[in-house]
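Here you'll find one protein chain in two forms, each presented separately as structure tokens under the names structure 1 and structure 2.
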Structure 1
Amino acid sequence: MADGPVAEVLLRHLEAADGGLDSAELAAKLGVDHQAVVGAVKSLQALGEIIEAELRSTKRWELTAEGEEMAREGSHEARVFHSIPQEGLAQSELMRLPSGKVGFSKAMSNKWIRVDKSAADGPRVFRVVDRVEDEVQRRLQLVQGGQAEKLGEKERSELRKRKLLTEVTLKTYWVSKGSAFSTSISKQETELSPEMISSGSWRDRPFKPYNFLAHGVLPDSGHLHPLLKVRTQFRQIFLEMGFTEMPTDNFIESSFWNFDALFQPQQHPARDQHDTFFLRDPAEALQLPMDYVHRVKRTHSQGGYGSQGYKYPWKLEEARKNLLRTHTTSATARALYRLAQKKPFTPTKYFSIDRVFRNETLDATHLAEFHQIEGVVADHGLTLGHLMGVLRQFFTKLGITQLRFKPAYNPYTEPSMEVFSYHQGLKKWVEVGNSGLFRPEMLLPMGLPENVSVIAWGLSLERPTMIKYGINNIRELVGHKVNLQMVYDSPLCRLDAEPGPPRTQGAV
């Protein structure tokens, strides 16, 4: 635009002008739209010191649409006057005319017309004077011609009251010569080109200054999902600590592995339809390791392995019921059972991160499916102190160093602990996981040696992710209602780095 015709004309006028010129005046003189001149001024400004432009605010009077109509056709009262013939006009007829109602009262107050109420067929209107001066129209035409200043203050406000006139603020530029003024604008090169490099002509060309405040062009890239980026980090942490990944490739599980093998009794409320998704098809598990099943049955119903048991009638058909697993601890049970079949016993560390399903009430932070993280250590002589030590190592890798432990209850661990860490942002202790030693009633029927203890802990993947990325509603993170822009924009998952500035309102 700086090399456009308007800009060139402007420069020539400026050269000839004394002191400077006004953009609006120039626009009127050239017969172009004021905005075109403004555009030229701005682009000339961008070139450097060629011009100086000062923003000015001027007020102008303009006619409204009605005012323009009146300037053309005459005021309502004049039109009324002119529509009354020598013999007068019935008032009712007069009122029906377009300008009738408004013009009538004005014409009356101007004493241009009079009403004879005693006329035979209704009130009749007559001219009082022979001719009239349409003062209003004359004034409007003055304004139209750009000579509004010729009207007095009182006259102008009267017209404004009648909504025939408005005051308009016009922003114009007062343009004057700059220190580097020249009428010839050389074309600004936008970019270096191969020809310029080979010919060396770039040395003689001016280059348009870069606007370093504008954004660049984002590369056309793919993106990884934030929750899965966090999963990658947790996997990494477990691998760094020497934990082996357990197979968890079965969303469908039998009640046996999900509950009974974990010493969770068949009458436990968690086995209700309300908390667990049971299956219609396939409704029952086809195979179970029957020797092991019998040991589990005996432990539940009669006790054994040093336990009183629960003393209730344990039913095989209840254990066969298929469900969507409610925790990955069922995969842990399978892994421990396999481990127990290998003699001699080898100390092992296991982990898994996979999907689980709960048939619970859904809200902003709970969905029917989520991901559980689970870590397990099986060795001789493990203690609660070891569990706490492992947890401290694990959470340190997450950047959490302050931990406290609280007694808790799980059907399959005893002792059990809830793990709390201090959240700097919320200024309080928040639960970050659940843990414990697996009960002997769970481990011994599997065939694990008596002095082997198994410590385990778990947490959800979604909760730390929502805290890390400042997401309040889980549906924005998981599922098809995800906000793809959030996926595009989400930063690297660096679990042990300081949290960045909050990106969303009211971050958790």
Structure 2
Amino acid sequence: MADGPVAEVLLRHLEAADGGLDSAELAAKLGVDHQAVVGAVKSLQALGEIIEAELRSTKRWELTAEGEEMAREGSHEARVFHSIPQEGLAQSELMRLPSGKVGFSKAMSNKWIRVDKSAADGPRVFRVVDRVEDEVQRRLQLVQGGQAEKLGEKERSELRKRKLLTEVTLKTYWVSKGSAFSTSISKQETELSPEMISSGSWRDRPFKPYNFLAHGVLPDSGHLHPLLKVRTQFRQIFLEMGFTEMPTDNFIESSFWNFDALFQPQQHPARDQHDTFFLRDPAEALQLPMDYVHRVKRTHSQGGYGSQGYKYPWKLEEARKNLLRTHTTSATARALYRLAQKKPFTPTKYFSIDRVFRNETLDATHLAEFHQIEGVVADHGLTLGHLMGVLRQFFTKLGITQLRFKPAYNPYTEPSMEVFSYHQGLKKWVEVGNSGLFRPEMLLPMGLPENVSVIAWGLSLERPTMIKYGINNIRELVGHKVNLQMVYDSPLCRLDAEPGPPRTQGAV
């Protein structure tokens, strides 16, 4: 600038101002970028009590890039209308125009144009009215001229839906004179040089004071993904409760361990290809514990252990089919089978947190690959009451103290319960997990004693992570569309655990 640096110009304007001045207004008056004025304010603050600056936030409406273009050139629908001659225009040709697709639908809804599908050369578009008023362009020009307040809430909402208008928060400084205000700036020394010491000139020079409260430069380091942070806390909770982590390295599993060992019939819909990823190579599992397989087959087809079974011809070739496991309960089945081989029986508590795969339709809350958390307790004489007590203890450690239980159905647990928690943010009850007692038809063929019961529950890892980090679309949490800046910016996750006795409600 011809009249001096921004800081000096700011001081001169502040001297003449009555009370103070706004940084954004000064930037507009000087014709400079607002950040240049902000930089000058911060530089003057570093010199001591020359100025006082108060940070203020204001909201205003601004046009998007598309909105600015339409303020100049007109709305898409108006451009479509003006491109149609009196004799009409072929719809296929209209759609090739830059504004054709969007403008056509908007002009049709405004009843500015019509389509004649009986034309010999294909559908043809004609004007319905002689002239139109481009209200969209007029509203955008009002915003561009700083008169957004003249628009109603409905009009602004329509422009926002079309991504022509956005609300931005502008942070400005209100600058006033400090106790040591002066329009002349004397440079403060930041280093004590050997020459200053030898000549003694340091005595007459002003030195910039040390700021011992300033934050140093953060060292470069790795960052944990939010899923890993929440997974670590879940794992710590299980370990605090005395659980042992199960091996879950079998991403590829046989249908036997994934379905049959859980007393899930071979004609169950979950075993169809539209729900499960089956493997082509290797297509079959070669090694299965055949004595156990025969007991499972008999339980399915003939019954046993107090059950009449499903009464269908069970097929070994169906049980050998390899797939990507649909739940970590297949790992639980393996762990319980190994436990049954150890004599005498020892009460055990297991947990697992790992990936599972399902042939899901991808949307904001579903992926084909996600994580499942599972807890299992095996002991003599466990009941539904024990399950509810363990669930209350587990969820209390997560900070979830209001629980409800609802009867449900699972092929391999009976009784079964869905677990609901009251979500303070959503102000409603939301499902947080599923639970139940494993059926005797699943446990007794493994070789577990008859008086041993196994309680279990499971939930996803993604849902609590999305709630805690305020993420509405699961594809923003995992997958190729993840914004890595989210990983850098996300702080350490704490699951709002509150001390004190749980406030629980049971509804069965």
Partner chain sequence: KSDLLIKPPVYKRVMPNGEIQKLIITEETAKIRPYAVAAVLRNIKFTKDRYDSFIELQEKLHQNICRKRTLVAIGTHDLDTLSVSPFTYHSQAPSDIKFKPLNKQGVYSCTTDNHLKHYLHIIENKPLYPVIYDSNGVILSMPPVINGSHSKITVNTRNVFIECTGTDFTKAKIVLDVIVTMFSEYCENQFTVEAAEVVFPNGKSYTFPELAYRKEIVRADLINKKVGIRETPENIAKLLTRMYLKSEVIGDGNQIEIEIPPTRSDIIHACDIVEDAAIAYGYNNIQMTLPKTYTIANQLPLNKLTELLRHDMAAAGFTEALTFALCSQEDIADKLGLDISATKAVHISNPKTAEFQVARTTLLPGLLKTIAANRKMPLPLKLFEISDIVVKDSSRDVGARNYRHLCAVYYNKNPGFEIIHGLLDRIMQLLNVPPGEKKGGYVIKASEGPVFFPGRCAEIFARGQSVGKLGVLHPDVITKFELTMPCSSLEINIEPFL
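All residue numbers here follow the sequence of structure 1, with the first residue given the number 1. All of these numbers come straight from a predicted model, not from anything done at the bench. In this text, the rigid core denotes the largest set of C-alpha atoms whose superposition between the two forms falls within 1.5 Å.
K.L.:
Which of these two chains, shown alone, is the form predicted together with the partner chain?
P.N.:
Of the two forms shown, it is structure 1 that corresponds to the form predicted together with the partner chain, while structure 2 does not.
K.L.:
Using the core for the fit, does the CA position of Glu77 change by 2 Å or more between the two structures?
P.N.:
Where the cores coincide, Glu77 still shows a C-alpha shift between the two structures that is 2 Å or more.
K.L.:
When you overlay the rigid core, is the Cα of Tyr312 off by 2 Å or more between the two structures?
P.N.:
Result for Tyr312: no, shift under 2 Å.
K.L.:
Answer yes if the Cα of Pro407 shifts by 2 angstroms or more between the two structures on a rigid-core superposition, and no otherwise.
P.N.:
Moves: no, less than 2 Å.
K.L.:
So, with the core fitted, how far does Pro219 move at its Cα between the two structures, in angstrom?
P.N.:
The alpha-carbon displacement, core-superposed, is 4.0 Å.
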